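One chain is shown next in structure tokens, namely the form predicted alone.
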Amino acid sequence: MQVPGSAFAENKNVRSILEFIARRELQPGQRLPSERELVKLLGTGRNSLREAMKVLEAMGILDIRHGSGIFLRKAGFQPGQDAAIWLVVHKNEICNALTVREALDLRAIDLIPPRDYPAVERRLQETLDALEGVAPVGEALLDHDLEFHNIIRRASGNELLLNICVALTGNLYDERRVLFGRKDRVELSLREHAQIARAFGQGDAALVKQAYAAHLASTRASIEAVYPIPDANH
């Protein structure tokens, strides 16, 4: 999946358009300034602006009527109301934080003595068993996810690493809430957690890291898949 231009890679123009709509308190059906006016108002290039508008049109935010103008189709852009919009706007920040957290989590696994693996597996499994008979949604799943990963971090014996990861996870709260509002993502995440727990039970560090890396890659892929960036040629 290719990002059509460096400006969009920073989500700058998507964010700028949404902020402009919010500042003007535009309502669905209202017309936005012309493309030429928006270029001046937002301080961007015409091609970059068109790419951002293409994204927002595909997401149902804008209605671009050639020869007539640009119209707002819907407004109100909060994380819980429209996951796709929120993740597009914040995708870079989320991915940067995930990159740091992933490196720390894999390092935490390296620091866990193999003799402690059975105890780690037992604690991980207990968090999974606690969800039996409970709908794994909302705060219950957020709490489970945080505790599951913190068990591994605490087992590393590195308190600083644990505290940094907890802080990063707090910054990713909205991302986690958006993802865990999707039943398919919840089910996949729990299956991956179970695979990680089983890997600890097998006592093989390579298997543990493989299962954990697969989970991290899956999480990142889910963020990317919430809204696929359109190809520059379409």
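The term rigid core refers to the most C-alpha atoms you can superpose between the two forms while keeping them within 1.5 Å. Predicted, not measured: the structure shown is a model, and the values here were computed from it. One-based numbering along the sequence shown.
Although it is not shown, the form predicted together with the DNA is what the next lines describe.
Visitor: So which of 202-210, 25-33, 187-195, 161-169 is the stretch with heavy atoms within 4.5 Å of the DNA in the model of the complex?
Guide: Of the stretches listed, the one contacting the partner is 25-33.
Visitor: Can any non-hydrogen atom of M59 be found within 4.5 angstroms of the DNA in the model of the complex?
Guide: No, M59 sits far enough from the DNA in the model of the complex that none of its heavy atoms falls within 4.5 Å.
Visitor: Can any non-hydrogen atom of R182 be found within 4.5 angstroms of the DNA in the model of the complex?
Guide: R182: no, not in contact with the DNA in the model of the complex.
Visitor: Considering non-hydrogen atoms and a 4.5 Å limit, does the DNA approach L41 in the model of the complex?
Guide: No.
Visitor: Any residue of 52-70 with a heavy atom within 4.5 Å of the DNA in the model of the complex counts; write them all down in order.
Guide: Residues within 4.5 Å: K54, I64, R65, H66, G67, S68, G69, I70.
Visitor: Taking the rigid core as the reference frame, tell me whether L62 has a CA displacement of 2 angstroms or more between the shown form and the other one.
Guide: Yes, L62 moves 2 Å or more.
Visitor: Against the rigid core, is the Cα displacement of M53 between the shown form and the other one at least 2 Å?
Guide: Shift of 2 Å or more: yes.
Visitor: I want to check V39: does it shift between the shown form and the other one by 2 Å or more at the Cα, with the core superposed?
Guide: Where the cores coincide, V39 still shows a C-alpha shift between the shown form and the other one that is 2 Å or more.
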